[in-house]
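Let's start with one chain on its own, the form predicted on its own, as structure tokens.
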Amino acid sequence: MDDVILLAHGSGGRLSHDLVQKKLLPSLSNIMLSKLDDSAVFDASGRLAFTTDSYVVNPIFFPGGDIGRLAVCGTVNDLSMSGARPLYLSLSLIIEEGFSVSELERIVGSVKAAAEEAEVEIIAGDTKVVHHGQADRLFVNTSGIGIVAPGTDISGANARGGDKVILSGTIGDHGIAIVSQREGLKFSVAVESDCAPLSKLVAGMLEASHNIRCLRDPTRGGLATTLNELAGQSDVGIVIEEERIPVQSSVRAACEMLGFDPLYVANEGKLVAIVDADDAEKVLAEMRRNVYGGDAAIIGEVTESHRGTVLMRTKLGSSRLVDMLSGELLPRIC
């Protein structure tokens, strides 16, 4: 039974020890994690950002990533959206009895690769094993800590009238990649998840301008829900231009076939920035120099009218209300 996870792997005994020592540490080892103490101790100064998230995506492997890459990128991005430089992550695994050891090793390899790309370290973690049928193969929890530089003040409540709204790239890629894998759909052009760490993209943006008001990654609920959250937090209106919003043709076609609106489909490697109008072009140019910002575009602006709501000027010249997502478009998306 060396190829599957047993309940005994969660007992705290020999098999638990072997799972950590032989399957997890070889990929994730660093000075702090290798001590295997009950908590990691590290030096830090200045303002800290802290976040936590859990990942239950189905399926756990999908075009462009897997649950391991998703967990690292999601937590790194949440830290980055506060203007923090991500430093350290924890990694907790809830594994269903019977889960393949080889698949676990593959996921841990993805965790390692994503952490290296984002230049963060996994310094603490935990594993639990539950009975078959009491979890869906594998659930992951990650928490993260980062440093916020002096003078950085990024919040969803900071948007002001006249600010520009910038989107870092095409929307809907992650959601369509997940549903295509889940339902066995085939498209003429393959759609892959945009799952990516955005910390270096944000770092470049912050170097380009001190007048970035808000940052947010439009995950569940998509771009529409994120813009509504920002409009509500800042008590402003937002107007976006439909023709300026980048959407891959394959994603658009899939959405039309499935009856989805790309504005509400989840993303895992995109961000929305609200930036002072005078610095918007400078920030946009910096974003386009990054591999994860090549398709960045200014898609709209902030207004003092219709506070708390989002309007979209359509390609036909009319305007329509863009409301927050109602209900669940795609469950188990992250």
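Position 1 is the first residue in the sequence shown; the rest follow in order. These numbers come from a predicted model, not from an experiment.
Beyond the structure shown, there is the form predicted together with a further copy of the same chain, which is absent from this document and is the topic of what follows.
Check your understanding: Heavy atom to heavy atom, is H17 within 4.5 Å of a further copy of the same chain in the model of the complex?
Key -> Flag for H17 set to yes.
Practice item. Using the partner position in the model of the complex, report whether C195 sits within 4.5 Å of a further copy of the same chain, counting heavy atoms only. Key: No - in the model of the complex, heavy atoms of C195 and a further copy of the same chain never come within 4.5 Å of each other.
Review point. Can L91 be called a contact residue for a further copy of the same chain in the model of the complex at 4.5 Å between heavy atoms?
Key: Taking the distances in the model of the complex, the answer for L91 is yes, it comes within 4.5 Å of a further copy of the same chain.
Review point. Do G133 and a further copy of the same chain share at least one heavy atom pair within 4.5 Å in the model of the complex?
Key: Yes, G133 lies within 4.5 Å of a further copy of the same chain in the model of the complex.
Review point. Tell me, which of G109, P246, G237, G156 has a heavy atom within 4.5 angstroms of a further copy of the same chain in the model of the complex?
Key: Looking at G109, P246, G237, G156 one by one, just G156 meets the 4.5 Å heavy-atom criterion.
Exercise for review: Scan E105, E119, E229, D261 and let me know which has any heavy atom within 4.5 Å of a further copy of the same chain in the model of the complex.
Suggested key: Of E105, E119, E229, D261, the residue with a heavy atom within 4.5 Å of a further copy of the same chain in the model of the complex is E229.
**Study point:** Heavy atom contact within 4.5 Å of a further copy of the same chain in the model of the complex, the stretch among 196-204, 73-81, 167-175, 247-255
**Key:** Careful reading of the contacts points to 73-81.
Check your understanding: Which residues within 119-134 place at least one heavy atom within 4.5 Å of a further copy of the same chain in the model of the complex?
Key -> Residues within 4.5 Å: I123, A124, G125, D126, T127, K128, V129, V130, H131, G133, Q134.
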